[in-house]
Ligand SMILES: Nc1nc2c(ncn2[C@@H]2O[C@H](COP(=O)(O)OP(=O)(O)O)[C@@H](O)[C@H]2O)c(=O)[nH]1
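One chain comes next, on its own, written as structure tokens: the form predicted on its own.
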Amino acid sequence: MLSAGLIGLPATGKTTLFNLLTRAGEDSVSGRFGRNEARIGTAEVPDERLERLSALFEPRRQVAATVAFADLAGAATPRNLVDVGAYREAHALLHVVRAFRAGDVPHAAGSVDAARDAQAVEEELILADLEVTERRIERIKRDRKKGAAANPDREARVLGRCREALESGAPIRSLELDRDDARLLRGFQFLSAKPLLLVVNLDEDDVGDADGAVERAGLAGMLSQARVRAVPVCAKIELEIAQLDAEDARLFLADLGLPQPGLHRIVRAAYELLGYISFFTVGKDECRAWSVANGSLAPEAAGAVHTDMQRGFIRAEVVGHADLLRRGSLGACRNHGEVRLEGKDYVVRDGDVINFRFAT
């Protein structure tokens, strides 16, 4: 399952957003990792395509793609996360940054400055990774003297590039690494190598001009970096929406001029930041969205459904979701030549509806 760790300074609304995203208390659990404790919860990836496919097939159940979120009580900053497995193993980090001006909410730095806070936590990520990098480089030197290091030159070269970037104040995610070098670094679970989503927690008065508020927050420098995005949200308003029924929530959002809840934007942005797409399987029993990395081949997508399907993969029957919704049935799509048989080299597209043929 895709996973993301929420980080942030105290009084940013981090835990409030975690509770809203995961409906904590219903499907969140606590798990101990190292010296600290993280709560883990899941959120469904909103997808109108799945809703429409389910309306067409009327299945017994509908299953959305999901993202798991981790939250650490209090200040979830890098100095607290070094030994927290849920964060080290996360695919991305979501940094909740305070941009609301409520005077009765204390703030660690005494003032509200989103750019300052974002950069301060970024620097901690860099320092935490620099310590890990230097320790590993020293270990390689010792092992080389003993003749015990496996492929030490390549590892030392890649780690040397990381150290150079970190010492200059740049995160590892800013490096352009080939596939083999990136794979070599995975075992270190560097925090600054992970994609970063800045969740800008706005003041109520800024919701009508959320994108402008992000620009005024001074985050342009960070957002110019590779694999860094921002999504604006107002936790106070999201809390109010969560207490309304579906129709009242829709009307409330319409009054605010918002097309969807901010929580949906967070989950969707995290999903896209990780470079994942969705394909669908449909039928009377179940309509389901499956997550695969963008660029995945058909057998890999089959493996997301079941490992037996990947091992015994023969062909994939593929139709675009838009064609299926327009025609109204798979039979009609076949009659119009819109269902294709694809082989092992087919690259799955976002929104594909797929039926896998495989040998048991």
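Residue positions are given as counts along the sequence shown, with the first one as 1. Only a predicted model underlies this, so the values are computations on that prediction, with no experimental measurement involved.
Same protein, other form: the form predicted together with the ligand, not shown, and the subject of what follows.
Candidate site Ala11, Thr15 and Asn201: all three near the ligand in the predicted bound form by heavy atom within 4.5 Å: Yes, the whole trio is in contact, each within 4.5 Å by some heavy atom.
Residue contact check: Phe100 to the ligand in the predicted bound form, 4.5 Å heavy atom: Yes - in the predicted bound form, heavy atoms of Phe100 and the ligand come within 4.5 Å of each other.
4.5 angstroms heavy atom contact with the ligand in the predicted bound form for Leu191: Taking the distances in the predicted bound form, the answer for Leu191 is no, it never comes within 4.5 Å of the ligand.
Contact flag, Ala235 vs the ligand in the predicted bound form, heavy atom cut 4.5 Å: Yes, contact at 4.5 Å.
Candidate stretches 212-220, 235-243, 263-271, 250-258, one within 4.5 Å of the ligand in the predicted bound form by heavy atom: It is the stretch 235-243.
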